[in-house]
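What follows is a single chain, given as structure tokens, in the form predicted on its own.
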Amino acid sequence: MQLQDKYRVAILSAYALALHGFESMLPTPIPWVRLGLANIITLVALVLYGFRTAMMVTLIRVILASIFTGTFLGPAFILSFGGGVFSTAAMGLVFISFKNLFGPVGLSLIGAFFHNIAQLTLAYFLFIQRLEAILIISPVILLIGTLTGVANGIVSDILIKNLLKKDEEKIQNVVQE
């Protein structure tokens, strides 16, 4: 990995950690339900820099955030890690396989869905082991995930377009000089 790529991953991870920290300060009406703001950075990383960068940002964010909050290797870490890895892998697979079919909003919805499915599955097998409890909470989790997935996808789309526009402006300035 080149130095520029390492720098890019570090910067993106720092942004993801900052969003994660900001989000942790927001009150939530339902315990453990979050907006997933850090996933905006993962999606930007995927679209602009590829799957490897997106997965590295996800792993760094989840591991460091859990260390900072004191949840490393605990239940919250396991759910966050599983959801993050599974959703990033799903978005990456879809992005690579159907590059022109899904934009940031579609990818974000895919990521939100697979994040929720992974967390519900892990919660069932590792912690709850009561299918009726999972079936009761699933519609609520999936609905909130869909809403936040759309919102995060819209923000990601705006961010990606602005970053691409700035890159084009830089190239034009270099060509004009």
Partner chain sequence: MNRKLLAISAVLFFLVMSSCNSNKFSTYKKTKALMDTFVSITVVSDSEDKAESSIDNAFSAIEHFGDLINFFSDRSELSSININAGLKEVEVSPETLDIIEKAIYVSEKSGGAFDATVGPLIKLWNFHKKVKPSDAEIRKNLPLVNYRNIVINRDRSTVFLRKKGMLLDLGGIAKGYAADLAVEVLRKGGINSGIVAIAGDIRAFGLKPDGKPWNIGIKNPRQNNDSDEIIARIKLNDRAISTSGDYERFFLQDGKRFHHLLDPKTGYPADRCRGVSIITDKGVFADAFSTAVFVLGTGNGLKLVRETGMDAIVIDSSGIIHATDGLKGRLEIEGSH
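Keep in mind that this is a model prediction, so the values were computed, not measured. Numbering follows the first chain given and starts at 1.
The form predicted together with its partner chain exists for this protein as well; it is not shown, and the discussion that follows is about that form.
J.: Using a 4.5 angstroms cut-off on non-hydrogen atoms, would A18 count as touching its partner chain in the predicted bound form?
T.: Although its partner chain is absent here, A18 would touch it in the predicted bound form, with heavy atoms inside 4.5 Å.
J.: Evaluate A65 for contact with its partner chain in the predicted bound form, applying a 4.5 angstroms cut-off between non-hydrogen atoms, and reply yes or no.
T.: Yes, contact at 4.5 Å.
J.: Determine whether any heavy atom of L164 comes within 4.5 Å of a heavy atom of its partner chain in the predicted bound form, and answer yes or no.
T.: No - in the predicted bound form, heavy atoms of L164 and its partner chain never come within 4.5 Å of each other.
J.: Is I160 close to its partner chain in the predicted bound form, meaning a heavy atom pair under 4.5 Å apart or at it?
T.: I160: no contact with its partner chain in the predicted bound form.
J.: Heavy atoms within 4.5 Å of its partner chain in the predicted bound form: which stretch in 23-31, 52-60, 118-126, 39-47 meets that?
T.: It is the stretch 23-31.
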